[in-house]
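Starting off, we have a lone chain in the form predicted alone, written out as structure tokens.
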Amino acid sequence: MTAQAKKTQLYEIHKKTAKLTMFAGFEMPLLYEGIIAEHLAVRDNVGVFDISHMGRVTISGADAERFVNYVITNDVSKLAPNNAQYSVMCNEKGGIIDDFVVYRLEPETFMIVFNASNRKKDYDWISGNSKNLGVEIKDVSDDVAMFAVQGPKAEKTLQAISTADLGKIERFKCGSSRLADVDVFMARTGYTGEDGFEIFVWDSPLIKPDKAVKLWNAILEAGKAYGILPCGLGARDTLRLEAGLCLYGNDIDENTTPLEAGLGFVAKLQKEDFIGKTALVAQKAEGLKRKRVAVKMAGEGIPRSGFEIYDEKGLKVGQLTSGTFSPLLRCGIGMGYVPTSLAQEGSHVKVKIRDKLADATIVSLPFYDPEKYGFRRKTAP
């Protein structure tokens, strides 16, 4: 017997307006108007995603900072309230249990937002490592709806219905506001490479989705002037890949360390202790044998996860962990792992597509020009 599909607070809306798919046990929107149209709306204007399927736990108490610092690799002692940081959790071997954003809500209260596919695993891991510490851990996933409003016109869209001055919330900063008379917590974070906000709708349980529905409709109405589109998981995947962001279960997993994945910046090895530190220190001292790289196809052909990577001599050297057609660049792009000796920008490789070796080049991330696109862009769209 198959398990019943989980649903978010907006399921009834999605059922009427989107093509649905199963993801991490949830029935979620794959697309509305179309992946390319939704992707380009976010790159050029603004899009809104329902991300209520993601996991959310709060950790509070006198030992909260010490505990969070022990289970994650980044250093939350550097976080002031209403600040956030990207991090990972590792097992004892340094393998990545999950990647996520951690928010400091108050001096002794944190919130971690992790991948939908890891909701139970992460909660169990966090809880299992909290024994004999003064912390309270709550899974609030089903009581909080969550949206992502992303794109260069995200701030203008939300400002039209916000009581707070959103221009004062800098990247990876947070704050409370009311959007369309709904109390929310907002963070200037996201998974698209673009500027934008992730919005937490407090007190919006699955059995009472009224607030979530009201806010979703208000965001779409406010964004009409800026070309907003509702966006599904299809565009979310192509956007994050263009930005060079990892997808758990594909690009990172418990057999991959943050050093191999190019996430060493979140592994604070100078911290007194955290789970996996000993293994990561040893790996860094020994030297990395492989690294995550970005691959851009030279001609036609769309790379996919699992496709093999070869060097110029025709020897297999690795495989892709993600791959797609880039709606922005109009070519195939992918990420994967190769030996460190080959992981240099400009290296020529080949990707096996339909039994043929197609030319590709290792490039820097993000795939797009960051002066023209993304949160660092210098020119207005």
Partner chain sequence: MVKIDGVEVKEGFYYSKDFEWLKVEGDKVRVGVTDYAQKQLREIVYAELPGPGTAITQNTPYGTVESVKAVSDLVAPVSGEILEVNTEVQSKPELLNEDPFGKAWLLVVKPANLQAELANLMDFNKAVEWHKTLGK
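Model, not experiment: these values are computed from the prediction. Residue numbers count along the first chain shown, from 1.
The protein also exists as the form predicted in complex with its partner chain; that form is not presented, and the subsequent description refers to it.
- Of the residues given (135, 213, 166, 302), 302 alone sits with a heavy atom within 4.5 Å of its partner chain in the predicted bound form.
- Only one of 35, 351, 54, 64 lies close to its partner chain in the predicted bound form, with a heavy atom inside 4.5 Å, and it is 35.
- Contact with its partner chain in the predicted bound form, judged as any non-hydrogen atom within 4.5 angstroms, is confined among 234-242, 112-120, 265-273, 193-201 to 234-242.
- For the candidate spot formed by 31, 324 and 356, every residue has a non-hydrogen atom within 4.5 angstroms of its partner chain in the predicted bound form.
- Although the partner is absent here, residue 372 sits far enough away that none of its heavy atoms falls within 4.5 Å of its partner chain in the predicted bound form.
- Of the heavy atoms in residue 15, none are within 4.5 Å of its partner chain in the predicted bound form.
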